[in-house]
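The data below hold one chain only, encoded as structure tokens and taken in the form predicted on its own.
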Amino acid sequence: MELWLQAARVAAAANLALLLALGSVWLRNYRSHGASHTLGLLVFAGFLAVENALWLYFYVLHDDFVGWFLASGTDVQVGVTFLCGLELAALLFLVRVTWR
């Protein structure tokens, strides 16, 4: 079903955008304060940004993965999309906490 693939693409793109925004804030804070906790958040954002960039590559450019995704059952499609959605919810919470 194409709907779940589109939802996963949107969620992965939103995750990547949020991680870049959060990473820029955490980088600025690390440069001014040098706190190790902020460095940890920055490294965390970097790894998750790479993960979501890879997901976007698979969802958009990798024809074999797209074919597998569309040929798989709805339970697999919903599950994979739900993983990106959960990450999006967690990142939205981090954005809210960071910008307060």
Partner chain sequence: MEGVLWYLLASSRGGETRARILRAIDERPRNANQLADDLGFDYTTIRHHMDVLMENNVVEKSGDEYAAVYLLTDQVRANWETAEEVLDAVESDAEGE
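All figures in this text were calculated on a predicted structure; none of them were measured in a lab. Positions refer to the first chain, counted from 1.
Below, we turn to the form predicted together with its partner chain, even though it does not appear here.
- Proximity to its partner chain in the predicted complex, taken as a non-hydrogen atom within 4.5 angstroms, holds for one residue of Leu88, Val78, Val10, Val25, which is Val25.
- At a distance threshold of 4.5 angstroms between non-hydrogen atoms, Leu5 is out of contact with its partner chain in the predicted complex.
- Contact annotation for Ser32: at least one heavy atom lies within 4.5 Å of its partner chain in the predicted complex.
- The closest heavy atom approach of Leu41 to its partner chain in the predicted complex falls within 4.5 Å.
- Contact annotation for His37: at least one heavy atom lies within 4.5 Å of its partner chain in the predicted complex.
- Heavy atoms closer than or equal to 4.5 Å to its partner chain in the predicted complex belong, across 80-100, to the residues Leu94, Val97, Thr98, Trp99, Arg100, ordered by sequence position.
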